[in-house]
Structures are given as structure tokens and as C-alpha cells.
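One chain comes next, on its own, written out as C-alpha cells in the form predicted on its own.
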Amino acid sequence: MKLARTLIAAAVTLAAAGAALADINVGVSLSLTGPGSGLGLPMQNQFKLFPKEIAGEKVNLIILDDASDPGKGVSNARRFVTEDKVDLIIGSCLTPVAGAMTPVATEAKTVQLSASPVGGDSPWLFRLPQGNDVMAHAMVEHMKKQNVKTIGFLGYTDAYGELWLKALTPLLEKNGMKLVATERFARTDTSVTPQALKLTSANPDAIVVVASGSGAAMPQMGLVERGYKGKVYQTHAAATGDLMRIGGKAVEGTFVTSGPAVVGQQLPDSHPSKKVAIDFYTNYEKQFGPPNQFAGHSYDAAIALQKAVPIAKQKAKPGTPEFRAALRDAFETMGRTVFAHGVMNWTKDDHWGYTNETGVMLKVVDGKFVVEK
């Protein structure tokens, strides 16, 4: 399998190397193996449906596996900017990996479209997922309706967990809610028994679990095994079928904050993303089965490029430093753009782009996500 991926990457790279100057070369680093593969593989599937041509220019995708490892993500990014001379980098789907890639993209003055909510203020970094602040807003608003007063936190020790804790804490305080217990665990941990015991002892009204993909079910299963009976909230990185597939009955009734991409059919007709989300979901499902929200980020990357490339081409040709700079400027000025994940409006001062209306609250009912009314 690894050899096959290497051969595929080599073949694609050779095609890119022989491309004409005007070809648009895109370097994509995804977690196709390791703990993040449940996020990266659906993204890779959606890239198989990526446009072959944008604004009259051939698009070459160079897809590499970062193995869920920040160091490998850095190596991929360096190859993209030094050997492949890409016009754009997409990735990674894991926050620690994407964050490690950002300095390389920034130094090379190459736009990075991150598929995870990585922090930082690089002028070359744009995010495809919703920011934690936006998603935490949706979560806290739902908690208010559920009369939640006390909260426990069980999250990753890495950047994703830290960013969520920073986003959530002031919102809870502002709304008169109290964070009564905070516990952390590593992505590689196979058990959270000590943390679950402490949280269960604190007995909050709700516990927020901050984990991603296939790793999101384990901590919640640990809480249930230790007798926790309160409400459980999960973040948008857990809005995948793996939560139910692995968690089973333990995750029934869980509230999950998400973008609209995976629930287009359930959205009201007035929702701006309804049509786009349905298009994403139905086309992916025909080819690969039901998608997760990370596949939606690959879909949205195509929308962003289809709008930005014609603008950037007015200033320079692909394959040049001038085009890379023009592409960054185009993302900042392209205005209101409907994604499967919501309405995006990047600006020079805001490379997150989504508004507080973006977040959708889901509930796990009979093993499926249902939009909360």
C-alpha cells in the first residue's frame, strides 16, 4: 500500500514537472495513514472529483501522505515549494500537522489552505474549516437552551484541544456557566480512565469532548463506562461517521457542532449553503458512500479556486511568485462565497471568514446525525 502511494505520488510529480508554465500546481498534504486517516482518506476521495481545469488552466494535484506526523508534514511542504514549485498548498487535516507546515508556506510566500482550524497570524494562511470561536458560539447557545450550568472539559493536549479550551472558556463565563473540571489526553492514548473518573466525580451538567475523527469515540466511551449520565458535546472534528461506528450506543444522544456540509438535505430552504451542501453530498455518495465533513473541505477548496484564480490571472501567470501573491490577494478580496460548510468571506484582516451563523448543532439519533431545531 505504501509503495503504491509512493509510485502514484511519483507519477503525479513527473506529470507536474513536465507541465507548461501556465499549469496550476497544487500541493496537497493529507493524513492518509496514522490516527488522522479517517479524516484524510475522505478528503483524498473528494480530490478525485476535483476540477481538471480552472479558468482555462490545467490543474495538477500533487497528493502526499503526511502519516499524521508534523515532521512529515513539514517535509511535504518543503518539497512542494522547492521541488514542485506549487502555486498553492492544501493541508493538512490535522491541526498539529497543518500548524507545522505554516512556517514553510509563509517563508516561500505560498498560500496555504488549511483543512484544520490551525491558529497563527500568517498572511499566507487561510482556513477551510470554521474557527473554534464560531463553533463554540453554536455550542454554548445550544447549552443555554438545554439549561446547562456546569461544564467539564476533556480534550487533546495538543493545539486543537488548547484552541478549543481558549475559545470556550470566555463564552462560558460570559453566559454565566462554570467550567468545573478540565482534563487532557494525548491523541495516541488508548484510554482516559483517570480523566473520566475525575470528571464523573465532578458531575457537571455537560462534558465537552475535544477530539477528532476515529479518536473522538474513545474518550466518550470511557466517560460512559465510568457512569457519567450527563450531556456530552463533541466538536466539529468529530462530525464523522466514525463517531457512531466506533462509539455505538455510548454516543447515542451526543450533541455535535458542525458545519452544514453533511446535513444539506435537513437544512431549511432559506439556508444559503443548502444547495451547495446537497451537491457535495450527493456526488460524493455516488462514488464513495456517505462523506464526512472533511471531504467537504476538499470540495470547498475547489469553489475557492474557481473564484480566485480568474482574479489572480489578471495580474500574473501561474507558476510565478507574482501569481502566488495575486492568489493570496484574490482570496482576500473575492467577497461573499457560498461553501458547502457555510458562507465564507475572507478579508485581509480575517483569514477565518465564517460568521457566527455558520455552526449547526447535530444530535446522534439511532446512529445518525439529525439537525437540532
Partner chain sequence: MDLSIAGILALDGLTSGAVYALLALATVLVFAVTRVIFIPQGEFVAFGALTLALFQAGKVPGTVWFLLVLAVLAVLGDLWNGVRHHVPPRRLAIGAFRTLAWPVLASAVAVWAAPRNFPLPVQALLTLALVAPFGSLIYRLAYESLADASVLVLLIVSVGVHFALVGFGLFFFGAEGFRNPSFWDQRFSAGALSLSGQTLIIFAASIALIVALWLFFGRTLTGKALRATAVNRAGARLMGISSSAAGRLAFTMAAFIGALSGLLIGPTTTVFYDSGFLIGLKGFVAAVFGGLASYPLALVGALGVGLLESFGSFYASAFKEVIVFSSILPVLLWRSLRDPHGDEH
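Positions refer to the first chain, counted from 1. Not measured: the values here are computed from a predicted model.
This next part talks about the form predicted together with its partner chain, which is not shown.
Residue heavy atoms within 4.5 Å of its partner chain in the predicted complex occur in exactly one stretch of 106-114, 176-184, 285-293, 132-140, and that stretch is 176-184. Taking non-hydrogen atoms only, residue 254 never approaches its partner chain to within 4.5 angstroms in the predicted complex. Of the heavy atoms in residue 242, some are within 4.5 Å of its partner chain in the predicted complex. Residue contact check for residue 267: none of its heavy atoms lie within 4.5 Å of its partner chain in the predicted complex. Taking the partner from elsewhere, residue 197 is found to have a heavy atom lying within 4.5 Å of its partner chain in the predicted complex.
Of the residues 275, 85, 231, 226, just one reaches its partner chain in the predicted complex with a heavy atom at 4.5 Å or closer; this is 226. Checked against its partner chain in the predicted complex, the residues 213, 152, 73, 259 give one hit for a heavy atom within 4.5 Å, which is 213.
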